[in-house]
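First comes one chain, alone, set out as structure tokens in the form predicted alone.
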């Protein structure tokens, strides 16, 4: 995984909102390297700390939900942004796993896709996604994301 481990702000807090002045920690998940790098660059331009992963299983391990997770290694993130179509586990399946976790269900999840399929979008939003963004990502999308984090 790229980026670094760890959290931002006060790690003892269960509140996932970000105080003004803190650097939000965003976990960006995409199997496509170019898309992953683009999202990482846009987020860093908006003063976010970014950790990247190339698939959902890596994310589950990073967040402490996977089979290969070391005890006590749950990483604090303020937002998860994930591609919808990925091999192994889709972004939708990842969203469901995160929302099933008592520790992580409050973390906002944003789904990205090239495909504008209304049923898919509504399915993700009903399952708890904060936003559904169409690719390619733009700086204006990231500004909107940060606004969600500050609410």
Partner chain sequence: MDLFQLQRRLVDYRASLYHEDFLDEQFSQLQDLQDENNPDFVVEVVTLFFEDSERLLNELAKALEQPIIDFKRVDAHVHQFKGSSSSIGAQRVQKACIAFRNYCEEQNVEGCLKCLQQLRHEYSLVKTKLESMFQLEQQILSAGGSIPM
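Numbering follows the first chain given and starts at 1. None of the values given here were measured: they were computed from a predicted structure.
Keep in mind that the form predicted together with the partner chain is not shown, yet the notes after this line are about it.
Residue heavy atoms within 4.5 Å of the partner chain in the predicted complex occur in exactly one stretch of 40-48, 121-129, 55-63, 103-111, and that stretch is 40-48. Interface residue remark: residue 85 is counted as part of the site for the partner chain in the predicted complex, having a heavy atom within 4.5 Å. Contact check for residue 93: every heavy atom lies farther than 4.5 Å from the partner chain in the predicted complex.
Applying a 4.5 Å heavy atom cutoff to the partner chain in the predicted complex picks out 136, 137, 138, 139 from 126-141, in order along the sequence.
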